[in-house]
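Next up is one chain by itself, shown in structure tokens, the form predicted on its own.
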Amino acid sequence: MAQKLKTDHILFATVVMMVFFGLVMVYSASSVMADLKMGHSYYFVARQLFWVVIAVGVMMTLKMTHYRKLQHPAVAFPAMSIVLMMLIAVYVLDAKQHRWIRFGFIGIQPSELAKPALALFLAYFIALRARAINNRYTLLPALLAVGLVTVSVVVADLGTAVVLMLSAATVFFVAGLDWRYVMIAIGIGLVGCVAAVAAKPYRLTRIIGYIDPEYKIVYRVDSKLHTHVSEYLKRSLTTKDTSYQSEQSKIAVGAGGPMGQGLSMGKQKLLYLPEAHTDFIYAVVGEELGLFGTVGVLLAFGVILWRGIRATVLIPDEFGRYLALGVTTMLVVQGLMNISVVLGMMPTKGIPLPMISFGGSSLLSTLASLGILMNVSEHAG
């Protein structure tokens, strides 16, 4: 008689609480703006609830599907292929931003779907080639796969591309990749990041605005402001103050103090803080729920990290190990990147806070990944 698996109640409860908390915070952060711009205060939270229903259904399906059924080329390769085709299609269908494929009122962001697809592919491929991880016949196909996805994503979404690269690097490192290849990968990644930043004036402006907010170094190098560097930076300016979002975010977090202003009582979301219900929702948490709220979110990601590492260590097979590690790394890295941006510890980058920020594609990708992680954790004992 088959042994009945036990649900990872700690991970499951944490995810449910974060999704519910996200709905509450999306409404609090967006209700005023939604009423002004959309004519209904429930506009954004209703859309988020729609995606919650779909994403939870996907999560539960993957939670109840044995993870080893995913260890098949008929799963791993089509997942990567579909995501790559969507990433190519989005350049044509969304010629301006290269981010969205829209079906009526529903929008899909392929870069978000690339996260679980890449985690699944890497787990399958590395488990298949685990004993020859440093062989060129392993490294070259893996580099090609990771490179294709990352390059396809980086044009429109540098933050997600960084999450993908760091997650892939972590999985390869744990799998036993030789240090020289690790250093080569780091070098290629850094060169790629520099090229991606330089290719987009607004990205370069954000970096310089973070490192040199008063442009003293730029002025020293370019005192007349007529050289190519300054003109290149000027092309991306949509506001005179490039650090505006970061400053407003820090004001919101600081205003919250230890206890916060109270749920829905925050003021920075009243058209002061851009993207209050999406990329900067953590600032709203800080203003309204204070230090306790922000620490609570950090602890929730800490629980996901703990359960993910536990599953990675205890699961007996390599596919499950690398699958749990890849999914955990992607979720935690993305969460920490978003929080770091909000607190001014990193340059401004548009990347959502998993399960908390408004966004259907992000929620679907996150809960699908967590459904897989729950399944692996339940088989880890």
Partner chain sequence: MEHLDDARRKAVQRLAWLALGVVLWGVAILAKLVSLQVIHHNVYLARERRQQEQQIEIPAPRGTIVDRNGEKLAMSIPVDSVFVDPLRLPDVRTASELLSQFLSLPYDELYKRLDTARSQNRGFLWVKRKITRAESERLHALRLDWIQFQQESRRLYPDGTVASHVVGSVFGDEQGSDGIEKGLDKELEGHAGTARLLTDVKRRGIDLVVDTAPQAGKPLKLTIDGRIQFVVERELNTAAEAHHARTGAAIVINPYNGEILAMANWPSFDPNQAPVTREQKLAHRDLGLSVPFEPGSIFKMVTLSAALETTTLRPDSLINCHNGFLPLPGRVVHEAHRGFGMLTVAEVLEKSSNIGAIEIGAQVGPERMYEYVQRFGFGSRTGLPLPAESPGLLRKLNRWGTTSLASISMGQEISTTSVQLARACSVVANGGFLVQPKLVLEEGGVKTPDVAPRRVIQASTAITMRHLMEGVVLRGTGKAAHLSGYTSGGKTGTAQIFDVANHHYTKTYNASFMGFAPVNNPALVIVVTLNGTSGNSGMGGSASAPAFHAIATEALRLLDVPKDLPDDVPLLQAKKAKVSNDDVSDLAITEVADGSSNILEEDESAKPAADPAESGVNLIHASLPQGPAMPDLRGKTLRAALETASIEGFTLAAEGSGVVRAQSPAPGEPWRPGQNVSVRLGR
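Quick caveat, the model's predicted, so the values are computed rather than measured. Numbering follows the first chain given and starts at 1.
We do not show the form predicted in complex with its partner chain, though everything after this point is about it.
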*Mind telling me which stretch in 114 to 122, 78 to 86, 173 to 181, 189 to 197 gets its heavy atoms within 4.5 Å of its partner chain in the predicted bound form?*
173 to 181
*asked:* residue 90 versus its partner chain, in the predicted bound form: is there a non-hydrogen atom within 4.5 Å?
replied: no
*Touches its partner chain in the predicted bound form: residue 312 (any heavy atom, 4.5 Å)*: yes
_Please determine whether residue 282 contacts its partner chain in the predicted bound form, using a 4.5 Å cut-off between heavy atoms._
yes
_Taking its partner chain as it sits in the predicted bound form, is residue 298 in contact with it (heavy atom to heavy atom, 4.5 Å or less)?_
yes
*in the predicted bound form, which of the listed residues (208, 101, 305, 143) lies with a heavy atom within 4.5 Å of its partner chain?*
305
*asked:* Using a 4.5 Å heavy atom cut-off, which residue among 38, 345, 49, 64 comes into contact with its partner chain in the predicted bound form?
replied: 345
*asked:* Need the contact residues for 139 to 163: heavy atom within 4.5 Å of its partner chain in the predicted bound form, sequence order, or none if there are none.
replied: none
